[in-house]
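The form predicted alone is given below as one chain in structure tokens.
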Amino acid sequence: MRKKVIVIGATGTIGQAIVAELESDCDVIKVGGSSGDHTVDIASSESIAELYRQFSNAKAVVCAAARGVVFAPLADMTKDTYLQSLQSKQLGQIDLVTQGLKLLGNDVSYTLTTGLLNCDPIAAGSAAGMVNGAVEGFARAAAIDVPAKQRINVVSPALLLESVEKYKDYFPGFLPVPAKTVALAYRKSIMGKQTGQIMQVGWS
């Protein structure tokens, strides 16, 4: 049976690769922040709830959305810039899970997205490192506490090959990984039985 999978961030580089990987044997619901077949604001609980009410029979939720994290030197960071990063990438992803427990079925998998900056930091990346660590800590702890057959995993990709030109000055010497390789980890999370796992892809 084909799984119905909600892919949030489907218009981004990783999101497009996930869609391409899954669409041959899954019914993929492509969701963007401002474009795509459907839209959602993951910083808004009501927006998430509305999306879930439309697709209450989904069997998997993937979040590959990455907007809103502030990259700036530590001396320029403030409480508000950290809160902005937390609201978009951390609390938004957590809300996807907690709303799903209420509005989706009892056998749904959730795959969240972080990155390597909490373990292999770069200059101006303190907010990203903080958020990644928080999301991963949540996933590990929540995985033992979700009801029924639900599962939670995190995919943590390295620098994307497709993004090297844009971000190479921030990631000197980092080994890039193709988005299509990263997409395999999402398939593993959706189709496998793992839970509470941080699936690192392309780390050197």
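Don't overthink the numbering: it's just position in the shown sequence, from 1. Nothing here was measured: the structure is a model prediction, and the numbers come from that model.
This protein has a second form, the form predicted together with a further copy of the same chain, left out of what is shown; the following refers to that one.
Participant: G100 versus a further copy of the same chain, in the predicted bound form: is there a non-hydrogen atom within 4.5 Å?
Facilitator: The answer is no: G100 has no heavy atom within 4.5 Å of a further copy of the same chain.
Participant: Please run the contact check for S109 against a further copy of the same chain in the predicted bound form: heavy atoms, 4.5 angstroms, yes or no?
Facilitator: Outside the cut-off, so no.
Participant: Classify G68 as contacting or not contacting a further copy of the same chain in the predicted bound form by the rule of any non-hydrogen atom within 4.5 angstroms, answering yes or no.
Facilitator: No, G68 stays farther than 4.5 Å from a further copy of the same chain in the predicted bound form.
Participant: With a cut-off of 4.5 Å between heavy atoms, is A142 one of the residues that contacts a further copy of the same chain in the predicted bound form?
Facilitator: Answer yes; at least one heavy atom of A142 falls within 4.5 Å of a further copy of the same chain in the predicted bound form.
Participant: Thinking of L74, P121 and S126 as one candidate spot, does a further copy of the same chain come within 4.5 Å of a heavy atom in every one of them in the predicted bound form?
Facilitator: The answer is yes: all three residues contact the partner (heavy atom, 4.5 Å cut-off).
Participant: For the heavy atom contacts within 4.5 Å of a further copy of the same chain in the predicted bound form, list the residues of 131-147 involved, in sequence order.
Facilitator: Heavy-atom contacts to a further copy of the same chain in the predicted bound form: G133, A134, G137, F138, R140, A141, A142, I144, D145, V146, P147.
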